[in-house]
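Each of two forms of one protein chain follows alone as structure tokens, named structure 1 and structure 2.
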Structure 1
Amino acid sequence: MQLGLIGLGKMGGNMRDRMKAAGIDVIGYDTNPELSDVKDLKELVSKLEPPRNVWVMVPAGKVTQSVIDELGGLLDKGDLVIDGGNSKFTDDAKHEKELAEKGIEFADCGVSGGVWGKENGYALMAGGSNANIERLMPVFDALRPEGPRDESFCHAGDVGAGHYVKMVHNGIEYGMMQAYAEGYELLEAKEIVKDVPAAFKAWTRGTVVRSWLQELVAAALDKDPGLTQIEGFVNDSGEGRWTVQEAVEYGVPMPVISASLFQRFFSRQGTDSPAMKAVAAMRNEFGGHAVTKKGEKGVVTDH
């Protein structure tokens, strides 16, 4: 199967490698000519056999919009664009409509996995018509981890549903991280508890709270007990904010995820809380998030 892939950065580049290893014929484009297989989008399109499939993996917002705009002028009726970046779900409806005016199909996909994805595979949450999702299934199968398909891939619903599910995934992530962080801070405060890192590590097997995030806390504490090298300063990505705003819009009570978000806002106002250090450490462990080390102070950019 042939696929055009636009955006060969940290995420897109790794995804290209994983797809190629699985036998997908990927033609990649990037603004960086050292990474790119073609000189521009026009050449990319010319190298793909119709009906074409093009995966967009560029920064959400303006960059994605300009790529969609340009593809709208280059692709033909029956071609299919899938946005795998971190776009807001509301952008998907807009892009679907804009491309549909030219007979071009559209689908969206939330991608989870970060720096670990190249080796372990990416979890995929897709939105779009049955036909379009079916059409891209070889690509999804190439990207996802080994194991049963439904444990790392879902067709969540209509266009936008993929990014929506990924957005909620991130909201849940905020709440889980804050829960571990609060537990961490209390354990650190209690005199009779002498070995907090050992406690977190001992939760790896057999407990109710075992999880990947728990393993990340344990790993961070193993390297730096007391988290003395980490600032209690945690940024937020748009997805947490959107999750809370959607909950408000739909009248869904969301005390925990909103509280997690607000603690991040609060951490930016200068606090140095142990819990926020733990959240920062978890983010550091799962990669892609710079941690503000002691002495520095800067804006942490989310991917």
Structure 2
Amino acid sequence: MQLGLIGLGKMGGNMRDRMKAAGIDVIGYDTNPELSDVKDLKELVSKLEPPRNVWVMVPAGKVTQSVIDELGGLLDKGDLVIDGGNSKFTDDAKHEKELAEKGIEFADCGVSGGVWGKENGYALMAGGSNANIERLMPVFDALRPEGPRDESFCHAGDVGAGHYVKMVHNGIEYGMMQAYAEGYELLEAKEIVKDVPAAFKAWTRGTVVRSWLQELVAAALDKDPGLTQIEGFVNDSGEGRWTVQEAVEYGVPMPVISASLFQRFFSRQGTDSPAMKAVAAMRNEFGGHAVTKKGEKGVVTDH
């Protein structure tokens, strides 16, 4: 199978390597010429045999829209575009309509796995028609971990459903991270507890609170036991916001996820709490998200 992949950053580059290892012929494009297989999108499309499959893995919003617009002028009827970035689900319907006017198919896919996905595989949440999802199944199977497909992949529903499920996934992630972070801060505050890193490491087997996120806290504490090199300044990807907005729209009580989102906002007001240092450390561990180092001034990123 052949696939065009646009965006070869922290996740896209690792995804290309994993797919190539599985025998998929991946032709990648990135604005960084050192990473790219082709000089531009026109050359990328020319090297793909129709009907073409093109996976877009770039930042959500204006960048994704720009790529979709350009592909709309280059691809042919029957080609398929899949947005695997962190786009808002409402953008998917717009992109589907824009491409459908030119006979180009569209699907979306939420991707979880961070910088560890190349080795461990990615969890995938897809939205689109049955035919388009089946068409891309060799790609999904190459990216996901070994084992039963339904434990790491779902066809969530129509176009937009994949990104919606990923949005809720990230909202849950916010709440889980905040709980671990608050536990870390309380342990740090208690005088009789002398080894907080040991406590988190001891929770990695047997306990009911063990998880990959908890393991990442332990890993971060192993590198920097007091998280002394990190400021408690935490950005958000935007998906937590969208999750809370949807909860308001549908009247779904969401106190934990909402509170965890507001704590991130609060962290940007110079509080530098131990809990938010732990959240920042977790984001860096699983996703390679930049941390604000001690003494630096945090900068809020776009969402």
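Predicted model, so just to flag it, every value in this text is computed and none were measured. Only the largest set of C-alpha atoms that superpose within 1.5 Å between the two forms is called the rigid core. Residue 1 is the first residue of structure 1, and the numbers go on in sequence order from there.
- The form predicted on its own is structure 2, not structure 1.
- The chain behaves as two rigid parts between structures 1 and 2, and the smaller of them turns through 10 degrees against the larger.
- Its Cα shifted by 2.8 Å, L216 is compared between structures 1 and 2 on a rigid core fit.
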